[in-house]
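In the block that follows, a single chain appears as structure tokens, in the form predicted on its own.
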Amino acid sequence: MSVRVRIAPSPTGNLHIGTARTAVFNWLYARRQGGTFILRVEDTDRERSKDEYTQNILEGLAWLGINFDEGPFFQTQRTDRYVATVEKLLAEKKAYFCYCTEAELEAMREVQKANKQAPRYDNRHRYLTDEQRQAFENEGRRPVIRFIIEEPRAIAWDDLVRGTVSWSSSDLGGDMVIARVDEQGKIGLPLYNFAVVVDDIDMQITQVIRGEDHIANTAKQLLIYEALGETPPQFGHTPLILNQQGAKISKRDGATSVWEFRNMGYIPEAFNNYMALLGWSPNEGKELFSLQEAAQIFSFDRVNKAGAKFDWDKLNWINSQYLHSLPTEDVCDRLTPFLQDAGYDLQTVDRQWLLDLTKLIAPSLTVLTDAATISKFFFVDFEDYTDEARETLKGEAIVGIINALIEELKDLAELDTDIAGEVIKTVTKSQGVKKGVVMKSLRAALTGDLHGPEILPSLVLLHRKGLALPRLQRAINSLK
């Protein structure tokens, strides 16, 4: 049978990095095996599911370049199939109606807590008589449908990542709810553990690759496969993404949704690369690779069992390496939206000016948002000089140097770095100072700082925008 894997996000929030990493692993495995990658949207939680989250998931996967071969399929469009399967289990006495109220369940949990027992359903309604059921119905109780979990028994499987995994049915919390009943007394939308099994059967999923937090779910789902007389897929449970303290990563640790990383200036090639390294390592020990390259060598024997700690420094390094390797045209296209988001007016500059700016600042970029910070003085006049710049401009020869620069530049309609270099030589000679003094003074006057991009290309760009001479004059005025 050919490989068929899936990613099945719930649209109750934006695309999470854990889901993205799962999508990457499934995609790599499908491509490695020449199989099929399927997108299924698990939207049975009607209260929390939102169209905007579905859209965010689709856009996030598209941004990552994770293309799917089938789907998206939506669980809410498969209700009849779920209901028919629930009815089959009821008819075969493998499931039953449970009429416990929330108050009764809470009282049950309190007793268990007092006895220092793990909270669980005690299966009290598993063998109700027809008369008992009718009495509950007459009280107006709305039931749920529970699947019978026989105890004790071991549930074992050969995990693609962890080898043999065994779970006791006694640790699954008692008979589990698989569906609810609506106000009209009809079987409604199913719960996760039941719907996912029906879906995976119908979609002929051969491998289920997901996070280790689903291990207990796998034990429950294997029992449902068995009850339905179906052969289960292989399961592989990947390590969780952890923070630096070893806890499951959360919003307290910074960004957790893919779109947040996109807005922070990470590019999809680098983000995918890093996602793949969160729990997997190629044999060659490579750290930089495309998804296509990874797909050629991906295997589960290189997926770690231990949790994968999220390393911001590593992600930043990978992102910077990609940015530094991209063609200037490409980087320019990618950083332009971030300059626009910063409020910079790009209508006053042409494409070549933007390309020259990109070439200048690209070696300093770690993330695309850096572009707005590094290039700010090209678009917005600085508010004040830094202390270092102000101190530089207090030098004895500074007024003469800046006046000489103004004289050399004022009649130059065109300026490039070669001509700018000649200007610096001329001023250095005429003022009888060292080149370093002229360069330092020029930087302080033009940018208000002593740190930043190379100063001669910066002078050229500012001159082409008509900003160089006003900045130099401003420096003169500040010295008076």
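Throughout, we count residues from 1 along the sequence that is shown. Please read all numbers here as calculations on a predicted model, not as lab measurements.
Here the subject shifts to the form predicted together with a small molecule, a form of this protein not shown in this document.
*Asks:* Would W353 count as touching the small molecule in the model of the complex under a 4.5 Å heavy atom rule?
*Replies:* Although the small molecule is absent here, W353 would stay clear of it in the model of the complex, with no heavy atoms inside 4.5 Å.
*Asks:* Hey, in the model of the complex, does Y192 get a heavy atom within 4.5 angstroms of the small molecule?
*Replies:* Contact with the small molecule, yes.
*Asks:* Classify R162 as contacting or not contacting the small molecule in the model of the complex by the rule of any non-hydrogen atom within 4.5 angstroms, answering yes or no.
*Replies:* No.
*Asks:* Hey, in the model of the complex, is D449 touching the small molecule, heavy atoms inside 4.5 Å?
*Replies:* D449 lies outside the contact set for the small molecule.
*Asks:* In the model of the complex, do K94, E150 and K220 all put a heavy atom within 4.5 Å of the small molecule?
*Replies:* Per the other structure, none of K94, E150 and K220 touch the small molecule.
*Asks:* Under a 4.5 angstroms heavy atom criterion, identify the one residue in R334, R109, H214, R81 near the small molecule in the model of the complex.
*Replies:* Spelling it out, the residue with a heavy atom inside the cut-off is H214.
*Asks:* Heavy atoms within 4.5 Å of the small molecule in the model of the complex: which stretch in 99-107, 295-303, 192-200, 385-393 meets that?
*Replies:* Partner-contacting stretch among the options: 192-200.
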